[in-house]
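Have a look below at one chain only, the form predicted on its own, in C-alpha cells format.
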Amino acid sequence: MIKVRNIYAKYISRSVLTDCSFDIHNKDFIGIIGKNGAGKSTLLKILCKVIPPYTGNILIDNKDISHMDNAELAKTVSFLPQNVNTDLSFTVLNFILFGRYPYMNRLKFPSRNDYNIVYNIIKILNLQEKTKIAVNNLSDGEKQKVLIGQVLAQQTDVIILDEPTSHLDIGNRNVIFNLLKKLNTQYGKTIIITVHDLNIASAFCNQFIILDNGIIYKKGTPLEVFQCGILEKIYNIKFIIQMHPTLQYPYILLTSK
C-alpha cells in the first residue's frame, strides 16, 4: 500500500533521515520507535507531505504523493501531530466536523452526509453525551478521543499519529490503543504511530520500525524487534525481555546497567 524509497531529510545542514526505505502493507499497525531525536516525527511529517524530503519518494497505491494535491491527499492519509491545541471553545460536534473539510462544497458548508458521518464517529468514540460540550471542558482522555475523531472524519484508509498517548495516564492510554486496534481490525485502517511506551506498543502493533540517528536500524514483528541486544544498543540501558504470561507478546523490564 505504501512504499517509502530512499528518503533523506535535513534541517539546514543537519541530516535527520538517511536513506530510509520500507513498505507498509494494507491493515498494518506499525509502531515507529527510537530515542528522542531519532527522526520519528520528521518521518511521519514526510509521509503525509507536511514537509518535503530532501530526496526520495513515497508512493501510496503506486501514486507518488508529491503529485497529489492537498485535497486528494487529505482523503487518503490523515495525520494527528503532537501537541494539538485543544484549548478551544468549539463543541465536540463542530470540532470533529472540521475533519470533513476536504469533502465539503466550495462554500465549505457541511452536508447532511457530513453530519451523519460525524454522528457515527461520535458513537464509535462513545462521546454521545459530550456532543454539545466545548472541547476545552473535556478531560485529557476525552480530548484525545475528539482529536482522533477529527482524523476519522477524513475517512482515510491510512491514519498517522505522532505519540497520541504521551500525556495520558495508563488507563486512558489503554483506551486509546484499544480504539486504534478496533479501527485497525474491524474497520481495516492502516495505522502508523510513534510511541515511547514499548510494552503497550508490543501489545498492539504487528510491525515495528526502529530509527536510530535517522537510520532504519531494524524492521520486523515484536518478536524480531524486541530483543535485548537490539534494544540495549538503541537505548543504552539493560533490558530483561519475557513473554507476557497471558497475552503472549514480548514484555520488557528495565534493569540497571
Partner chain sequence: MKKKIIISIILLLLLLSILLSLLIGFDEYSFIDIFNIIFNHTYENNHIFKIIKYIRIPKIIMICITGGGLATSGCVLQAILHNPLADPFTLGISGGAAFGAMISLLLNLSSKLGFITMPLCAFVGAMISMLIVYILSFRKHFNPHTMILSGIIVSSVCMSIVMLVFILSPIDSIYMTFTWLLGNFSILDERLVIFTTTIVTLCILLILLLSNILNIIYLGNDKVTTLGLNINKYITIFFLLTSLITATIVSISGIIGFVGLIIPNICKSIVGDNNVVVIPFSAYTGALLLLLCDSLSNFLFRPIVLPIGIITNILGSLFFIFLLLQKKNK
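Positions refer to the first chain, counted from 1. Source: prediction; values computed, not measured.
As for the form predicted together with the partner chain, it is not shown, yet the points below apply to it.
A residue is said to contact a partner when one of its heavy atoms sits within 4.5 Å of a partner heavy atom; I216 fails this definition for the partner chain in the model of the complex, lying far away. By the criterion of a heavy atom within 4.5 Å, N83 is counted among the residues contacting the partner chain in the model of the complex.
Shown alone here, K123 lies farther than 4.5 Å from the partner chain in the model of the complex, counting heavy atoms only.
At the 4.5 Å threshold, heavy atoms of K108 reach the partner chain in the model of the complex.
Partner proximity in the model of the complex, defined as non-hydrogen atoms within 4.5 angstroms of the partner chain, places exactly one of 190 to 198, 204 to 212, 48 to 56, 32 to 40 at the interface: 48 to 56.
Think of it this way: in the model of the complex, the partner chain has a heavy atom of just one of I176, V158, V151, L138 within 4.5 Å, and the residue is V151. Contact check for F90, F95 and Y101: all three have a heavy atom within 4.5 Å of the partner chain in the model of the complex.
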